[in-house]
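Take a look at this one chain, the form predicted on its own, written out in structure tokens.
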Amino acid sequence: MQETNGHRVGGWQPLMLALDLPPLTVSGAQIGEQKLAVWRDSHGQVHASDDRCPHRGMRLSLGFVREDMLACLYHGWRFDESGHCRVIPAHPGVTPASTICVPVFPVAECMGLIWSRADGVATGAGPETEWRLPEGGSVTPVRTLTIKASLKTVMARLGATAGQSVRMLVTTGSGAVLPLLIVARPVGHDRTQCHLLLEGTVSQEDCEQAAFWAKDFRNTAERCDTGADYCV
């Protein structure tokens, strides 16, 4: 299910490049209407919770990680990986009630990407199966970009099906042939988020060439989505 009109999006969804979330950092993401606070603890484990503190409604993605717990920026309430509040700084001698918690969501790290799902399903196939990701091997992350075009337009330009990874060889302006791995998802009715990776271990120059290709692809896709006559 790939809904783009504000409803929840089913299945595993790629949120960001794994390298864009270093240890002890927090980042915001969104799947359909569900806003997420995604954070990584000191052991490298990634967690995802609802992006709203139950105390005053502050966005938890604006917070920080302290003692391997997600802390709210406003009053410092801390939540563990299960979403339970463990610390209320204003009342250090009080054990928070078990009912004080934030919803948490399944999260996975696969093929250089961080994935989550907001449909309430915690079991079943992983992202590698759902998205038909390459088996084994290594990848080199390049970048994430947002294209102001519908997922339908982007996937048509890639000659692929929504909800699946795209593997393709592209020739850059320098003549290099690069093995791209692209994972795209809707982030609104008319916007698409594309995560770009290169299969294998490649040079910095190859990453830069792949990034240039991505910019050109974005420009073309955006022209096509507006129905421009010069879309080629």
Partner chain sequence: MSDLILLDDELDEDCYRARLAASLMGVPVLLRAVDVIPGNEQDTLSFRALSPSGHLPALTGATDPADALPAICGAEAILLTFAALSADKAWQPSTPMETGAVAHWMTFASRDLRPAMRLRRKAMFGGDGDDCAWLSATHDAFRIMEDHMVLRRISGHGWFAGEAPTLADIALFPSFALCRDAGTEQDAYPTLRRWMRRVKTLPGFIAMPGIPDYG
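Residue numbers count along the first chain shown, from 1. As the structure is a prediction and not an experimental result, all values here were calculated from the model.
One more form of this protein should be noted, the form predicted in complex with the partner chain, which is absent from this view; the next part is about it.
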The partner chain isn't shown here, but in the predicted bound form, which of 64 to 72, 159 to 167, 176 to 184, 41 to 49 has heavy atoms within 4.5 Å of it?
-> 64 to 72
In the predicted bound form, does Arg223 have a heavy atom within 4.5 Å of the partner chain?
-> no
Is Gln34 close to the partner chain in the predicted bound form, meaning a heavy atom pair under 4.5 Å apart or at it?
-> no
Spell out, yes or no, whether the shortest heavy atom distance between Gly28 and the partner chain in the predicted bound form is within 4.5 Å.
-> yes
is_contact(Thr146, the partner chain) in the predicted bound form, heavy atom dist at most 4.5 Å | yes
Does any residue in 203 to 221 get within 4.5 Å of the partner chain in the predicted bound form, counting heavy atoms only, and if so which ones?
-> Gln204, Cys207, Glu208, Ala211, Phe212, Lys215, Arg218
